[in-house]
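Shown below, as C-alpha cells, is a lone chain in the form predicted on its own; questions about how it binds or moves come after it.
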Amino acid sequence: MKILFAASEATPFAASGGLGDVVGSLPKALAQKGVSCRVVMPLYSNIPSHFREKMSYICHFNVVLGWRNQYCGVYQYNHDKVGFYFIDNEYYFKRDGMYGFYDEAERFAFFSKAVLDIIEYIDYQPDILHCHDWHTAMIPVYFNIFYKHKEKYSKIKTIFTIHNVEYQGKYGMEILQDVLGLPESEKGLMQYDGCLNMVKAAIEACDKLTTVSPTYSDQLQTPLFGCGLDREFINQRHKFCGILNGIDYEINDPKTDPLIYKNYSCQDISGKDENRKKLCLEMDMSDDYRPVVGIVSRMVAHKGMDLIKLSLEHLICSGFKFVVLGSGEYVFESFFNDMHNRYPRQMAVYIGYNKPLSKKIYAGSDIFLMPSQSEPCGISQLIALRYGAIPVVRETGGLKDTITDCSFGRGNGFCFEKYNADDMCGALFRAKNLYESRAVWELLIKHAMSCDFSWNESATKYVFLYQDVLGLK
C-alpha cells in the first residue's frame, strides 16, 4: 500500500499543535509496519533553514484555481524513512506564520489542488490520499469533480481525518466559483446551514471518515459536540470511525530525553524527584512537600481555563503548587500572571511556547491537569503518562479513552465527569491524598509510565482501515 498524507503542518518542519505531531509521527509508525508513506505540506518560510538547505528540487508547474494560474514548485526531503514533499508558492506561504490570514480559503484551496496535481509529476503513485482537517478538505471534493475519472487517479481512494471539528472552513457562498473554482452545480455539496462549509463537503466526498478517538467520534454525532455538523456525522456514520492518536515514544522518552534535568525510567524512577527539585529551582518556587501541578495548554476556555480560574487560589492555599506554560486569550494570560505576582513561590508562569520547558514540566510535575470542556484526543496527557506526571482530567473525548480513575481500581490517573470547578477540585484532592502515601504514589507513577500509548496499536488500526477502503480485507 502507498499512502500520501496531506496536511497543513507536520513536525519537525512546522507545527502549531497536535495535528503537526500526528502527521509527523503516524507515517513513521506506519513505515515500521511495512506501509509506504509520504507526506505533502506547504513550504512555509518559517521552516528551519537546516531543513530547507537540504531539500531537493523536483519540478514546477502551474495550478489552475478558478481564473488563476499560479506557480507551484515541489521540493523533497526524507526524514525518519518518510519522504516529505513541500509545495512552494511564495505568494501564499512566504508569510509570518502559518495561519490567520485574510485569504485562508484561497491559500488552502491552492494547496489542495497542488496536492492532486503533483501526482502527475512525482515518482509516487498513491493508493490512498489521507487528508487532515479543513485545510485539506477540498482534496476529496476536487478529486471527485476533476480528477477521479483520469486514468492515473481512477484507483485512488480518499480518507479524511478530523482533528478538531471547531474549524470547518466556513465562508460565504460567493467564493464558490471565484476562489474555489467550482461550478454552480456543486453548490449543493458545498452549502450547509446557509454558508459554504468545506468540512461538510469533505465528509460527503471522502471514501472513509475518521477522527482521533473513539469517544470523540461518538460525541461528534451529538448537537453538543458536533458544532452544527452532527447531522452530517450521523448520515455518514457507515463510513465513520475513531482511531486514537498515539505519541512518538522515541522523542518522548524520559530515559534518553536530552531536554530534561536527569534521565530516568519506569524501572528506576529516582531521577524524577531530581527533575521536580530542579524545576522548582529554575522557576523560583519553594521546594517542599506540596505536589507540583503542571499545565501545558492553550489558554482558552474550552481547555478548562475557566475552571482553573475559579479554583486556583483555593487550590494554592490548600497545598498545591502550579507550573503553567502556554498562551491564548488575554483574560487567562493576565490572570495567571496576576496569580504568580500574588503567590510567587507557589505559582510559576511562562506565557508563550517553550518546548524545552514543556519537557521539564512533564518530568518535574507530580500531577498534570487537563480539565478540558472538549478534547478530541489530547496529546499532553499521553506525554504526561510517559514521564510519570499523573493526569487529572475531565472525562471527554480522548481523555476518557486514555485515562482511567485509580480511585476505583487499577487506573492511571484521576477523572471527573461533570464540567464544574467543584468536581475538578475533588479529583485534585483525591490525587493529593494518594500523593501523601509515597509508596503507593510511586507504584502509580510506575504503572502510568508502563501504559503503552505509542503509535503501535493505532497504526495497526490504520493499516486495517486502509485495507478496508482498498477492498483488501
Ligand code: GLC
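Nothing here was measured: the structure is a model prediction, and the numbers come from that model. Numbering starts at 1 and follows the sequence shown.
Keep in mind that the form predicted in complex with the ligand is not shown, yet the notes after this line are about it.
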- Choose one stretch from 160-168, 74-82, 182-190, 234-242: the one whose residues place a heavy atom within 4.5 angstroms of the ligand in the model of the complex. 160-168
- Item | Non-hydrogen atom contact Ile247 with the ligand in the model of the complex at 4.5 angstroms | no
- Find out whether any non-hydrogen atom of Leu19 is located within 4.5 angstroms of the ligand in the model of the complex, and reply yes or no. yes
- Message: Can you work out whether Cys377 and the ligand are in contact in the model of the complex, taking contact to mean some heavy atom pair no more than 4.5 Å apart?
- Response: yes
- According to a 4.5 angstroms non-hydrogen atom cut-off, is Lys303 in contact with the ligand in the model of the complex? yes
- Item | Residue among Ala202, Leu220, Ile383, Val212 with a heavy atom within 4.5 Å of the ligand in the model of the complex | Val212
